[in-house]
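Next up: just one chain, as structure tokens, the form predicted on its own.
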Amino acid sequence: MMSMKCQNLDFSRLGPDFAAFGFSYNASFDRYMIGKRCNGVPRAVQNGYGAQRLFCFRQDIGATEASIEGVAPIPAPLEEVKTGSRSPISLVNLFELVADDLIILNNNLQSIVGADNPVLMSAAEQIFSAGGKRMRPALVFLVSRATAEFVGLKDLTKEHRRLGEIIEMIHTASLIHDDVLDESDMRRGKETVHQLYGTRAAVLAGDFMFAQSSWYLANLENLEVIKLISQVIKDFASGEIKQASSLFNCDVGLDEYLTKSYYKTASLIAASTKGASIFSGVNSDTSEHMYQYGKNLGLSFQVVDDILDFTQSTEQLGKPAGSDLAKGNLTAPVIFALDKEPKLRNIIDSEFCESGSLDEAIELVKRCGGIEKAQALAKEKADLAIQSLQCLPSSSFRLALEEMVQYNLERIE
């Protein structure tokens, strides 16, 4: 049988609209995505009496089949299935399943932001055209469709779609504010909003998006989801306060790091995936599994991002390498390395006052096994995310959710 291969496409060659699923409507992108629909994804085949067999063609593990009423067996941990050669997983391929949903999201976001706010429109355009992956709304739609199939819904509801839009507005607002607080000049290789339009305009743009998302959230008229997403906005502030109060603090432990990472990154992803399942009408156990999936995927993503801050170049990151450490934000690789190397503590305590001390600290983190231990932590959270998907029946949407986890780990391979 033919293996499924995911081309590792270079987003930059396809233009910013394609790479970012940006605000600018791009007809050629739409035609490309729709034309690629269902190419190289699992195929579900009816097997009588309503049961489904899912044939998953993957180069690393060959053809697999699940036929017990559509429910797949529990997979092995991720490191156990990464045998043999395989093409890297591409977000383009993963998002093919929800490409039409993302196009609708694009159009709706344009009308939500409104053409009568030119500065806001320009600010949002700047964020989205800088290579954003639109991962969060894509996760909303993938979980929505995976759980909708579970309960027999034939299509997404308007609440599913609105949730995706709200999540993207909240995420965009948080990026604009983060860049102001971190005094970041670059994001994904482009100037940040406050660099282009000034701090005042950037803060107001972020505030507007938070307010607009809250308005649409209230109009969903689902108290459980309203509480869930409102908590996310509170978590953002809590995460920033925790980070600001612990800069250059070498006594920060792993638990505190994970709590901060949850507030700043995983909370929004967890709320996205749980909220999507709530609107599908699944039971509370399933929605809690979707929450745990999003939480652990989000934590794994944050750990991987923190590893890349040490292992990638400034050109690859789109910002100065080692920038978190330079600002005193101690992440997983540093926390693990501090247990092994007392000299690293002395350098951090000095706040890199001596020339070359930052480069020395980065080298110590690499030499003391901080990167490897952080990689193990990212894989641990990834395995927990995969386990949370076992409540769902086999489908192309569930497979895409699983491969989203693997895609993240591939960034540090």
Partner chain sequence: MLSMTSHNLEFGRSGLDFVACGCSSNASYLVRNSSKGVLRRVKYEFGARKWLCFRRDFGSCRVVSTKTPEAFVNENPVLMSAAEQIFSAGGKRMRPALVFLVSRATAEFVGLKELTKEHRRLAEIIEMIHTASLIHDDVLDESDMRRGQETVHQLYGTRVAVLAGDFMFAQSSWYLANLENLEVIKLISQVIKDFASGEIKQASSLFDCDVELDEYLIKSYYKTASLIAASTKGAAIFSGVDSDVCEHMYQYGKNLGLSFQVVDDILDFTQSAEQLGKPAGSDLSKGNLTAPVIFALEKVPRLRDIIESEFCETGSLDEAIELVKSCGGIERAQNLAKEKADLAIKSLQCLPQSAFRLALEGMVKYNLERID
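Residue numbers count along the first chain shown, from 1. The model shown is predicted, which means the values in this text are computed figures rather than measured ones.
Just so it is clear, the following notes concern the form predicted in complex with its partner chain, a form of the same protein that is not shown.
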Q: Choose from 290-298, 209-217, 273-281, 161-169 the stretch whose residues reach within 4.5 Å of its partner chain in the predicted complex, heavy atoms counted.
A: 209-217
Q. Does any heavy atom of residue 341 come within 4.5 Å of a heavy atom of its partner chain in the predicted complex?
A. no
Q.
So, residue 204 and its partner chain: in the predicted complex, are they within 4.5 Å at any heavy atom pair?
A. yes
Q: Please check if residue 183 has a heavy atom lying within 4.5 Å of any heavy atom of its partner chain in the predicted complex.
A: yes
Q: Please run the contact check for residue 231 against its partner chain in the predicted complex: heavy atoms, 4.5 angstroms, yes or no?
A: yes
Q. In the predicted complex, which of the listed residues (317, 254, 153, 226) lies with a heavy atom within 4.5 Å of its partner chain?
A. 226
Q: Please state whether every one of the three residues 311, 345 and 367 places a non-hydrogen atom within 4.5 angstroms of its partner chain in the predicted complex.
A: no
